[in-house]
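What follows is one chain in structure tokens, specifically the form predicted alone.
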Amino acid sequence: MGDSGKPLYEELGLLPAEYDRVVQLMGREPSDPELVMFSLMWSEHCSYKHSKPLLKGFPTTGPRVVMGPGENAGAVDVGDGLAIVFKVESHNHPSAVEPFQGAATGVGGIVRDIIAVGAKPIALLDSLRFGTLDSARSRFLFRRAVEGIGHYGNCIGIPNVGGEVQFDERYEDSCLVNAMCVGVVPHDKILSCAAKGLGNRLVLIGNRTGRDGIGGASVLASAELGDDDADKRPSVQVGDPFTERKLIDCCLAMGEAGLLVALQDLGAAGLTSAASEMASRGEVGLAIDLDRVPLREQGLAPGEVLVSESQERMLAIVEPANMDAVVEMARRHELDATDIGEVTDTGELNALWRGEEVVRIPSLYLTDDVPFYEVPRNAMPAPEPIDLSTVPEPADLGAAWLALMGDPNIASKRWVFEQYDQLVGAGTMRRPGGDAGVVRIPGTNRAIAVTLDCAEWHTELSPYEGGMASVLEAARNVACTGAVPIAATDCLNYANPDKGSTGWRLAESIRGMADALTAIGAPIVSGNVSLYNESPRGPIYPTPVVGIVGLLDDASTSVGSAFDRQGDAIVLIGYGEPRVDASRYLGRCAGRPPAPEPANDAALFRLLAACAAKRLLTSAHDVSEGGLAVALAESAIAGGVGASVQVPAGRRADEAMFGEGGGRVVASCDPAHVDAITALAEAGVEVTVIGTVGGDEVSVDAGGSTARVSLRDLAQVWEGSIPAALEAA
């Protein structure tokens, strides 16, 4: 029995039926260390027992895919024998409990996933969601999480090139901190996590093992948070970025020298997950002597050593002949490299403690024999479109425009990204603040464009279409730089799948994402699922964050978002009519947003890539939150030059200016290039000249109703909103 009087397996998070399954598989009662291992590996965070059956619907193969889901990160071919490696993961629950360390170690963990594949990290991104800035708790979480990301990323010397930040009361108790890392590796240096080679050594590299993070995968990441969050603070890992930097350099050097057979990060569930995944992937066994594991503190029990989530540790498979070289290379990097076991042919994980066997589990029991569950599909009725007559028309379109520019969800995120080093490594070509970060591929003339995005309001209202919208918004941001979207990663942040309509929304949004990804030819190569993001006050919005990587064959052709040349034509490119439904202008998650049309978006992406390659565009910027008026203002602010635009009023002038939906891009170009751009457009994509770049104000005439706002006023409100909200507290 546990300390609470309940059976120990219940305290560890296992259901009675799951415990019975463990006993049936083992043919006996598990030892306490074995039970701890099962509880962690069968937790939602490690096993994806509610989502894995649904994830099979994603497209995961394609001509560029080198390594798909199932390894530490995905990899895609970008030419010249090089692969881009990337993944996004969540660190939501730890960040809600201890935001600095939770966010910092989220960065550290995703970086180790990239180096586990043998890749050199070249870029970071993050997707953040918090409660509104009028909440003291949300301001605290926001400040500290950003500080944690900045501290860790800056110390390890990887540029942060993009991301997104959103604020909504639905994230008040359950903030979201998703981190993405991108790396590069030659094809012949890619490492797998699969253990192999009978007698090869199991080597623990990096920090010593302590109690920090014990139970994190079950205590934090696989349960709802409640009023006792502070009691869970010991479960949050503690990061050491300076050791991480050494670990990055050491592992890359070992990989380059061909000293490693396989490599795996010690993340959630620590040594247990790393060893079981390496063994099951390689269809071998692993024998571990826990007495050899270097400890930071005394008194740890064997189960604690097995599931500690102490940071900055990697597990490697090394041939015996290379052991001396591995130990010496680690020593030169001021790291421990300790032989803690060997590869066996038993198919089992065996662990010794003080000379006695305390663990003997077939590794597949931990990884493949997890009980999977069908999520409930309690569908919600389709929402009714907003009756425009119920939305008051603004007396002053200019004042409404300025108010929208000051919405923290639309306002400049400079306060965030200026805390991050954006240029370290000298590969960053386009910094945060535009549609996507652009990073040169080392040693080539090519570049990648990367971004993270999500359409959570759309997913709440119409999950299938919202899943599509999340993919297409991210891909559109990448396409605006002139890059061709080639692959994706995702982080699916949802509430309890057994409650309400969450399971249905999860299933439907995955289906929508899959259809959109298939339409644009960008398979999923890696990802993460984070469930139980809710509190007694309610669930978060379904938040399927999508990371897209795009390829530019010629880095010099990348396109920015700024109007910066007087006299350029302003062109609206794309499809769809704006609507106020679920828009920032409406200010609430209500109505029925227009359904995306992935085939039209795919045609739009091809057009933007062709225009960039032919150097026909001066700028391109996605029309998203805040609609056309906000997109125009952002491009004008970025370039320091105004614009004058005329568009039809549609149903109403304010909807034409601030409505959202469809796949639209505001671009600027030499007027002489308009015909060439139009000639390249395929069916489903319209090209319309709507105005001219110039002046010191931005004006929009929507069917005779005109709004004029000085560039200075737009910039002042847009840049000052978030700092003002933080300073006023």
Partner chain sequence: MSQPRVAVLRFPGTLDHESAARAVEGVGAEPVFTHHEDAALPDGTVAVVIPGGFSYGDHLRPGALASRTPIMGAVKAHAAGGGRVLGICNGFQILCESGLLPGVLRPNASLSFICRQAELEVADSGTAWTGGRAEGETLSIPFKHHDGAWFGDPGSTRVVLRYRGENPNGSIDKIAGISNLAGNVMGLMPHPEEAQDPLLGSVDGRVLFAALVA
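Because the structure is predicted, anything quoted here is derived from the model rather than measured. Residue numbers count along the first chain shown, from 1.
One more form of this protein should be noted, the form predicted in complex with the partner chain, which is absent from this view; the next part is about it.
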Exercise. Go through 361-369, 108-116, 332-340, 95-103 and give me the stretch that gets within 4.5 Å of the partner chain in the predicted bound form, heavy atoms only.
Key: 332-340
Self-check item: Candidate spot Gly13, Lys52 and Asp498, all three touching the partner chain in the predicted bound form (heavy atom, 4.5 Å)
Solution: no
Quiz prompt | Residue among Leu260, Met429, Val78, Ile410 with a heavy atom within 4.5 Å of the partner chain in the predicted bound form | solution = Met429
Self-check item: Listed residue (Glu256, Asp291, Glu169, Glu418) with a non-hydrogen atom within 4.5 angstroms of the partner chain in the predicted bound form
Solution: Glu418
Exercise. Tell me, yes or no, whether Arg245 is in contact with the partner chain in the predicted bound form, where a contact means a heavy atom of each within 4.5 Å.
Key: yes
Practice problem: Indicate whether Leu176 is a 4.5 Å heavy atom neighbour of the partner chain in the predicted bound form. | Solution: no
Exercise. Determine whether any heavy atom of Ser556 comes within 4.5 Å of a heavy atom of the partner chain in the predicted bound form, and answer yes or no.
Key: yes
Quiz item: If you check in the predicted bound form, is Val647 within 4.5 Å of the partner chain, heavy atoms only?
Solution: no
Quiz prompt | Sequence-ordered residues of 516-545 touching the partner chain in the predicted bound form, heavy atom within 4.5 Å | solution = none
